[in-house]
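A lone chain, given as C-alpha cells: the form predicted alone.
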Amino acid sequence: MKFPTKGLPKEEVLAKIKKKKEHDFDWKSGKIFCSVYDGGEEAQEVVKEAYSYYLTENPVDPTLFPSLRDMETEVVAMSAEILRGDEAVGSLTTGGTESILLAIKTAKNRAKVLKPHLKEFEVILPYTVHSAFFKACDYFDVKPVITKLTGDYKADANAIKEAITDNTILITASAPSYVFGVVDPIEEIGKIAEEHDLPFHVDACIGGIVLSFARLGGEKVPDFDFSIPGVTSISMDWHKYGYAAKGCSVLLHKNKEYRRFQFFVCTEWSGYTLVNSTILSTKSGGPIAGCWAAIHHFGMEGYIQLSKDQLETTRRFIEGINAIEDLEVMGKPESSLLSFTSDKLSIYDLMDEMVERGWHLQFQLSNEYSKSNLHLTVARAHKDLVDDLLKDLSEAVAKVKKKGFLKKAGTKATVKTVSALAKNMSPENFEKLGKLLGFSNGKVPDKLALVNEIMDVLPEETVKNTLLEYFNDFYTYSEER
C-alpha cells in the first residue's frame, strides 16, 4: 500500500470506503448477536449528529470545552441515579475494557497508599468475569486469583472468601456474566468485602442498563448496584444497551474518596501540567455528546420499554431453543444474554450451518466449567426475529444430524500435527499451519467447525501461541488480500 501522491475529492474517497464495506456483515439485518447495538434509525441519526458536533473537540482540557465537561458530569450523575449511588461519582471512558482497567488501577493505587508494605498485588476473579480483567492484570502487573463457580454458573462466594490474602486489593463479580447471562451473588460477596475491608467492583458493563431500567419498570431482577453494602465501584457501558455511539462507558465509584485514586497527575515533564481522569489524554468529544443525546432521546420511559422488550425477547429465545431437540440453554439467564449447547451435536458444525443461513452467533470454547456453546446477545433489533432464528436453528440442527456430524474434537492426527507446528512457530511452520486449518494471507476459511473443535482440545498455551501468531499476521498489510 503506497501513500497517495495526490488527494482525492470527497466523492471518490467515500466511494472507495463504500467499496471496502461491501464485504462487511450486514448488521442492519439484525441477524448479528454480538458487537452491534442498533437503537433504530431515528436514534442513530440523533446520536450521529450529536457526535459530529464534537468530532474535533478534545476534552483533555475541560476549560476549553466546558460543554463536554457538563455533558460528562450529567451522564455520570444520571448513571449514578439508576444505579442507586447517592454519593457516587465517576468518569466516562472509551468502553468497558477501559472502565475495568481503571477499576484495577484504582484499586492498586489505593492499596499502595493504604498498604505500603505490599510487594505483590492480587485481584480475586471469579471464573464468570470478562477477559478485560485479565488484560488489566497483565497491564498493571497484578496477579489474578481465579475462583470457581457454583453449579448454576455463578461465582462461588465461599471460594472468594477462602481466596482472600493480605495481598488482595480488590474483589470482582459480574452483573451479569457475559457468557451465561446470570448475576453473581452480589449481596453475599458484598458482605465478604465489608468484613475484610476490601473494595468490591461489579462489572455491569453489558447488563447494568437493562437490569436497572427493568427494575424501574417493575420487573423483578437481582439487586447488584450501590444499594448493596460493600459495592465500591461499578462499570456500565452506554454504547451497548444505552444505544449510544461506540466509545462510551461509565466507571462509577462509591464516592470521591475512592475515585481520587483513579486520576493521573503529571508535573514532572517540561510541558503543561497534565491531569487525566481516564487512561486516554486526547480523544474525541463525540462519544460524550452522542451518549448525552441518546439518553435524552430515549428518556426514562424509552429505556424502561426497551429493557422490558429485551428481557421478553430473551425469554422467547430461551423457551424456543430449549424446545429444539438436543439443544439446551445453559443455566438460568437473568438478563438479555444466553448461551446454548448440545451433548450430541457438534456445536461448531451447527455454527457453520447458521452462518450459511446469514446469522452470526458467537462461538465459545469449552473450559472446566462449561461445554462449548453458542452465545446470543439479545438487543432491540431482535424483537421481530425470534421466530426466524428459531426456524433456521431447528433446520440447521436437522441438517447437522442428517449429515452425521456428531460431536467430535477433530482427528487425533490433525490435533497432533497442529500442536507440533504451534510449538515451533517458524515462518515455514506458520505457513503449514495456515494451509492445514484453511487460513492464508489474513483470510478466514468459510467453515470454522474443524478449527474450533481442534482449539477446544489443544493445551491453552498452544492455543494462545497459535492465535498470537495468526493475528500478528492478520493485521499486516498484504497486496494479496
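In case it trips you up, residue 1 is the first one in the sequence shown, and so on. Quantities reported herein were computed from a predicted structural model and do not represent experimental measurements.
One more form of this protein, predicted in complex with a small molecule, exists but is not displayed; see below.
Only one segment in the set 294-302, 159-167, 175-183, 317-325 has residues whose heavy atoms sit within 4.5 Å of the small molecule in the predicted bound form; it is 175-183. Put simply, of Ala245, Ile206, Leu393, Ala379 only one has a heavy atom within 4.5 Å of the small molecule in the predicted bound form, and it is Ile206. Interface residue among Gly96, Gly85, Gly286, Gly190 relative to the small molecule in the predicted bound form, by the heavy atom within 4.5 Å criterion: Gly96. Among residues of the shown chain, Ile100 is one whose heavy atoms approach the small molecule to within 4.5 Å in the predicted bound form. In the predicted bound form, at least one heavy atom of Lys240 sits within 4.5 Å of a heavy atom of the small molecule. The closest non-hydrogen atom of Lys254 lies beyond 4.5 Å of the small molecule in the predicted bound form. Taking the partner from the other structure, the small molecule in the predicted bound form has no heavy atom within 4.5 Å of any heavy atom of Lys154.
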